[in-house]
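First, one chain by itself in structure tokens, the form predicted alone.
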């Protein structure tokens, strides 16, 4: 317990904390995943999910089912839960919940801009956007030719506007610039969210700052690995790292000069929380890194529920639902493609 949260938290936050803990009880268990891994078809998957929170969402779907339908319905469950909490929330919880959706907004902006660059149909792209990251003027993103236009015509009226100050330029949009834009926006977003959580204080600040620091460190590792062998300079790479986290600042200095995966591993081995993640991987094996990070994140998110009277449970629940959706997408794809031998490779168990 940190301070006096217990005295006043339940006045505004008690009902919603009870709701989110109830939602969390509906997450799939290891037994559910064992049953799903035995499925022979997507209709079997639907039958097993009928007894879970996803049952009502899949009940009226006709056969044959597609993986995209299952993922869409799982996402709809998450969106309905989020919207219910948002409509019931008062300040500062409502602002906290809105912050959670900004990451999806950034992903949607990048998806539309990249798709337009490759001459994809805007309506097709809008269908692929995450519902949590939708905003009124998103369809008009397709008209922008450079970052300055993107900001002036569309994003100036969205919550992302303050994050664009660092990456506005007249450069034409290409794949490299768009990826730099995504990471610059994410950096500004995470730093802003971190400052907001610090202002909230108490258990929320302690737990959320830890979760956001982990997210910032993971993004730093991803940026480093993805930029190896590209034209991104070391200084440019360093500018994309968030200014907080366990790796800040000395780990960032070392990551900025890494030229291969084993050098990244050598840097991360100096930090005990991350040493255990990299210990699961063989040398040179970077493809399993995402799963190792997801497993560590799930463990930290579950620990957020061990305490009461804080907002981190809302962030943790949304993230755990997203992980569950990824698990179900992987299971559905393996079943649909008859690749059941690989089904356990992509599942991150939550309980």
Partner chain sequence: MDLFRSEEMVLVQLIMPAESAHDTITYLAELSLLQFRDLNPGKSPFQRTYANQVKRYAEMSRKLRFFHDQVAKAGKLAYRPIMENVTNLDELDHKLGDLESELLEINANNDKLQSSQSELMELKLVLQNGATLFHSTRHLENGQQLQSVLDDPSLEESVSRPLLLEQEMQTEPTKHGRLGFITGVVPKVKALSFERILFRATRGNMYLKQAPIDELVIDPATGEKVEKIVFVVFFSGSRARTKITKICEAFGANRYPFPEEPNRLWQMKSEVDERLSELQSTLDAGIYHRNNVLNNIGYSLEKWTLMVKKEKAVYHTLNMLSVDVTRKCLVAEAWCPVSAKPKIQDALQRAAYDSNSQVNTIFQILYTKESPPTFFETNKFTSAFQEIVDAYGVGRYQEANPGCFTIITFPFLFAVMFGDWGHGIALLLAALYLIINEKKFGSKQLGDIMNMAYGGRYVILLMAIFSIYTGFIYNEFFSVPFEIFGKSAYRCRDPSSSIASCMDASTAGLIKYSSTPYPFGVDPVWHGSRSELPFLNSMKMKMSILLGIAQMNLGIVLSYFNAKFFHSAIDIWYQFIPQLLFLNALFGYLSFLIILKWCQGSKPDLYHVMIYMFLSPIDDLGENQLFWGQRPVQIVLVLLALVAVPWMLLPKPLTLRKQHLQKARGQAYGVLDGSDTEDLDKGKEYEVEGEEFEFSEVLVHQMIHTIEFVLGAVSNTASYLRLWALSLAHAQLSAVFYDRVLLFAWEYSNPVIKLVGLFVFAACTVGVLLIMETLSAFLHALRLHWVEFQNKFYLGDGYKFHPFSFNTLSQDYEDDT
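Numbering follows the first chain given and starts at 1. Being a predicted model, the structure only gives us computed values, none of them experimental.
We do not show the form predicted together with the partner chain, though everything after this point is about it.
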Counting only non-hydrogen atoms and a 4.5 Å threshold, tell me whether 7, 112 and 127 all contact the partner chain in the predicted bound form. no
Though the partner chain is not shown, can you say which of 257, 176, 279, 156 has a heavy atom within 4.5 Å of it in the predicted bound form? 156
Within 4.5 Å of the partner chain in the predicted bound form, heavy atoms considered, which of 322, 61, 53, 296? 61
The partner chain isn't shown here, but in the predicted bound form, which of 156-164, 249-257, 86-94, 197-205 has heavy atoms within 4.5 Å of it? 156-164
Is there a non-hydrogen atom of residue 76 within 4.5 angstroms of a non-hydrogen atom of the partner chain in the predicted bound form? no
Is residue 307 one of the residues lying within 4.5 Å of the partner chain in the predicted bound form, judged by heavy atom distances? no
Touches the partner chain in the predicted bound form: residue 302 (any heavy atom, 4.5 Å): no
Might residue 192 be said to contact the partner chain in the predicted bound form, defining contact as any heavy atom within 4.5 Å? no
Note that the partner chain is not shown here; using its position in the predicted bound form, name the residues of 119-141 with a heavy atom within 4.5 Å of it, in sequence order. 123, 137, 139, 140
